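A single chain, nothing else alongside it, follows as structure tokens in the form predicted alone.
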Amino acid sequence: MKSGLKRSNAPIFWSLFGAGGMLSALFGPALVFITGIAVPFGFLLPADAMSYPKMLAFAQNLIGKGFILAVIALFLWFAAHRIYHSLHEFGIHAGLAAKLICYGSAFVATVISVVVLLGLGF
């Protein structure tokens, strides 16, 4: 017996959007403060807190790779979803091409991030 419900991939994009929105709301301001204020001005953190050797060691750690990938990928998917749905407000009726551009660019950038993080070694 066939159901009249049509399968949709929307829950996948909405979950990535929700996770990215939550992550950007929780960690975004802290990342801006740490990388833009605290370390450059030596406020609350030592000046070498984000030195190349320390950041490379962080990016080579499995937990560090996971954190970096989560921040990059989920921020990208959040932005792609917001841009896709904001196109309507600008009078651009988002069709398949807009969906491919928005979500495709987030997918490609996520894959590139994975490749680069894996290329750093462990």
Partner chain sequence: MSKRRPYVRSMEGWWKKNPYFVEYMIHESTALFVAGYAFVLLVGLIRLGQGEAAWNGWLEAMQSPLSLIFHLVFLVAIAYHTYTWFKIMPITMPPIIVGGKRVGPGVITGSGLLAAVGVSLVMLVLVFWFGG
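If you're wondering where the values come from, they're calculated on a predicted model, not measured in any experiment. Numbering follows the first chain given and starts at 1.
The form predicted in complex with the partner chain exists for this protein as well; it is not shown, and the discussion that follows is about that form.
- Contact annotation for Asn61: none of its heavy atoms lies within 4.5 Å of the partner chain in the predicted complex.
- By the criterion of a heavy atom within 4.5 Å, Ile12 is excluded from the residues contacting the partner chain in the predicted complex.
- Remark: Ile112 counts among the residues lining the partner chain in the predicted complex, judged by a heavy atom distance of 4.5 Å or less.
- Under a 4.5 angstroms non-hydrogen atom cutoff, the partner chain in the predicted complex has Pro46 among its neighbouring residues.
- Along 32-56, residues Val32, Phe33, Ile34, Thr35, Gly36, Ile37, Val39, Pro40, Phe41, Leu44, Leu45, Pro46, Asp48, Ala49, Met50, Ser51, Tyr52, Lys54, Met55, Leu56 each place a heavy atom within 4.5 Å of the partner chain in the predicted complex.
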